[in-house]
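The form predicted on its own is given below as one chain in structure tokens.
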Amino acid sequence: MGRWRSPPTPTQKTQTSEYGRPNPKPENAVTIGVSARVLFNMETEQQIYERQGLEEYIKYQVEHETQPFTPGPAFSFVKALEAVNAQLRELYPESEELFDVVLMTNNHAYVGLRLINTINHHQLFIERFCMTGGNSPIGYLKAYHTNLYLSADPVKVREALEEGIAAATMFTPEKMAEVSESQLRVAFDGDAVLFSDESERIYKAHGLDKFFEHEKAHENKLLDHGPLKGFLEALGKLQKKFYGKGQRMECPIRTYLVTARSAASSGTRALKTLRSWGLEIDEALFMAGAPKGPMLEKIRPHIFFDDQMFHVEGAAEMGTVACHVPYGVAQGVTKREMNGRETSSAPK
């Protein structure tokens, strides 16, 4: 079973950036690591790298360093994080309990100027960069106390999961749905995402009837945690800061459980597990095996996490920015112990 790291305990001491905004220490913030290729659209550059090699790629980047990249699939998510931060700063001016975005890339520093120019062009507040010059950035995730890592590279996502860090591979829908600019919306699958894949293993091995029997027999036994439980917990801690100011109904963070489970036959165990963890989900949608895409189209989340590519692709077809969590039995590989072992391409 994976040893997923719990979010750090926040403190109240604040450093100030050159822009006069609170600049939290990594250990006190909810840290989101994003790769350059999910924050920005770098498809042209990626093709140059694949067809012409690293030197031509670097040359192209330097020649175009004053030309900003266009937004990628993670862009709206990051903007929503910043909108939440703005409200948190108003309520708690000295607090370091904020989202902190770190740009994680194995690009060379030569490319850094174009990335900085792009961030300034789009008025993003990203102070922390990690550019590793061709090496994998995964080893730095723990140093940044990363709560979530998003990348276009499934190999690096698997490496991060093996380090016990919540991670997902982000995909770009052909046409991205419009999302809220004032409320961060995050949607999660249940099994093998928030929870372990224990129940999914029963279903895969013995079928739906045995799955229902298993869930009924174990409805009072809590599910073990999955790779993104810690990220939901981090979101919940920030939500409670708004609740503490009497802003439950106006909270700019909203979470959703969108699961293939049925409410009556297998939903009880999921809800009891979340309650035992002290975690609140704002909306729980039990789909009973129905496609998730149409419901996600109504929710319009900034990001959706699922362990099955079928649901990721279905969500993307409806314009949702969906992320694949390559964990558990649905991946068709034997799950290894996530025991903190270190693992070490194209620029990301």
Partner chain sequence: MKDADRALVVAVTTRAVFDAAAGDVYGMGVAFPLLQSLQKVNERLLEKNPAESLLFDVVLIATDSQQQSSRIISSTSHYGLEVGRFCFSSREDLVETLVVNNVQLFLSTDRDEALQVSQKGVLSALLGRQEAPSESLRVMLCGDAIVRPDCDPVPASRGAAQSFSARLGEMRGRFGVSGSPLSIVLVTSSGGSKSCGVALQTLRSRGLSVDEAYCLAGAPRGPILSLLRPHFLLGDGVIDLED
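Quantities reported herein were computed from a predicted structural model and do not represent experimental measurements. Residue numbers count along the first chain shown, from 1.
What follows is about the form predicted together with its partner chain, which we do not show.
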Which of 129-137, 67-75, 274-282, 231-239 lines the interface with its partner chain in the model of the complex (heavy atom within 4.5 Å): 129-137
Check all three, V62, I116 and N120, heavy atom within 4.5 Å of its partner chain in the model of the complex: yes
Close approach of H108 to its partner chain in the model of the complex, 4.5 Å, heavy atom: yes
In the model of the complex, P26 touching its partner chain (heavy atom, 4.5 Å): yes
Its partner chain contact at E55 in the model of the complex, heavy atom, 4.5 Å: yes
is_contact(A143, its partner chain) in the model of the complex, heavy atom dist at most 4.5 Å: yes
